[in-house]
Each structure stands twice: as C-alpha cells, then as structure tokens.
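Okay, so here's just one chain, in structure tokens, the form predicted on its own.
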Amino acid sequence: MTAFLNKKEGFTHYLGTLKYALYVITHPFDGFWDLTHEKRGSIAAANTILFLTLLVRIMKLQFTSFVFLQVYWEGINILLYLASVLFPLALWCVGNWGLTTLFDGKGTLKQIYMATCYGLTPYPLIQFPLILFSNVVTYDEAEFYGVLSAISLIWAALLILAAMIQIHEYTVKKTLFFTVATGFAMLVMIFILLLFFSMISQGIAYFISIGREILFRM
C-alpha cells in the first residue's frame, strides 16, 4: 500500500512538473528561477519535452503537406535526423557547463539540461497543430505557416536565453556574450571529436594493413 502511494505521489509530482512548463513559457524569468532554485521542475518532465520535440520532428516528415515540406525518404536516416537535435543539445549543455567556472556561472549540468529542455516547449506546442494546419490550407496561405513555424523557433531560443540568465544569474549582456562563447566551445568540441575519430579510424586502418601484410607473407 505504501509503495502504491509513493508511486502515485511520484506520478502526481511528475505531472505537476510537466504542467509547470506552460507557466515557464509565459513567465520565463520567474518560471526558470523557480524551476531550478525552488525545485519546480524535474528531469523526467524535461525528458518528456525532449521526447515530444523529437516525435513532432518525425511527424512533420510523415504528415506535413507536400505543399510545405517535400521529403525524399531515400536520403533520410531517422537516427541521424534525431541526432541533429540530440548532438547539438549535448554539446550545448556540456559546453555551457564547462564555461561556468570561467564566467562565474551558478548553474549545474543538470540545471542547464533541464532548463534547456523546458525552453523547447513552444516547439512541440506550435509545430504539432501546424502539421494539421498544413493539410487544410492552400499554398496562398503559406505565409501563416511560415510565420508560426518561425515563432516556435524564436520563442524557444528566447526562453533558453532567459533560462541562462536565471540559472547563472547573469545580466542580459553577459548572457549574450556567454552564449557566443558556448557556441565557440561547441565548435571546439566538434573539432576535437572529429580529430579523435579520425585518429581512431587511421589507427584501425594501420593495424588492418599490418594484419593483411602478415597474412600475405604467411
């Protein structure tokens, strides 16, 4: 009985933190402060928002009218398509966290990830209705589709900036500079990863060539 009550309380708390995302996107400064400092958010809710974002991106490929989005399935790898969101997200969180010492930031890696995912909320909220909208409007009304789609991206970007202001306790000017620095850190990490995998592939190729040479001489 106790275990059941604990599970029920945990699920209720999860729903509360997920619903709190609606408050965050309309009251970003108060919302993100309470999200991290008052424990109003949860990693489970953040993961759910991220999952919904990925799901909507896949649904856009499948169900958006061809008038607005033409998909050539032969050239699409779903895993790479999802990685186009997850990989930059991982780089953003790690790079952001890695620079907190240099910029006297207050946020932890957990807080950065959670707040960033909460900041993505407008994307699935707007893009999902747009999928339905794309199938009932004409080409002449495409401007509405484009504007609403752009709003979902701009809104999410502004929310993430607001999150960094509150989490790290920065000014707007310092946050903008910190964001640029994080972008540079992401590029550096990409370069290091490419260099690492290049060295690994060359090392593997070297040992394979040695193995072939030994087999050839035997």
Partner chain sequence: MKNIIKRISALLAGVMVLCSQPLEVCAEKGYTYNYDWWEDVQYSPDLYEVIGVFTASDLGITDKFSSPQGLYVCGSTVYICDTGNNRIVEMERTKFNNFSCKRIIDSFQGDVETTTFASPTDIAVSEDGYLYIADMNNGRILKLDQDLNYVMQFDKPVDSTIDPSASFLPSKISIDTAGRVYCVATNINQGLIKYENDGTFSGFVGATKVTYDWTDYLWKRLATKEQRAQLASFVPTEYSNLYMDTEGFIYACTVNVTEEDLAAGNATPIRKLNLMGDDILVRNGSFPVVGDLWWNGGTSGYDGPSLMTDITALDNDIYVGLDRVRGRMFGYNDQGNLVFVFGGNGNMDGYFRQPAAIDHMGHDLLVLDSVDCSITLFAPTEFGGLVYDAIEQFQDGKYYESGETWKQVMVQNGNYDLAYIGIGRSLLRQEKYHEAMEYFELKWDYKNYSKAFKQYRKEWVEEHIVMILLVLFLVICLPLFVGKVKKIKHEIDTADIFKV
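Numbering follows the first chain given and starts at 1. Bear in mind that the values here come from a model prediction, so they are computed numbers and not experimental data.
The same protein has a further form, the form predicted together with its partner chain, not shown here; the description that follows concerns it.
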In contact with its partner chain in the predicted bound form (heavy atoms, 4.5 Å), from 76-84, 143-151, 100-108, 115-123, is stretch 76-84
Among the candidate residues 51, 184, 177, 66, which is the single one with a non-hydrogen atom no more than 4.5 Å from its partner chain in the predicted bound form?
66
Among 193, 58, 43, 172, which has at least one heavy atom within 4.5 Å of its partner chain in the predicted bound form?
193
Could you confirm whether residue 197 comes within 4.5 Å of its partner chain in the predicted bound form, counting heavy atoms only?
yes
Contact between residue 137 and its partner chain in the predicted bound form at 4.5 Å, heavy atoms?
yes
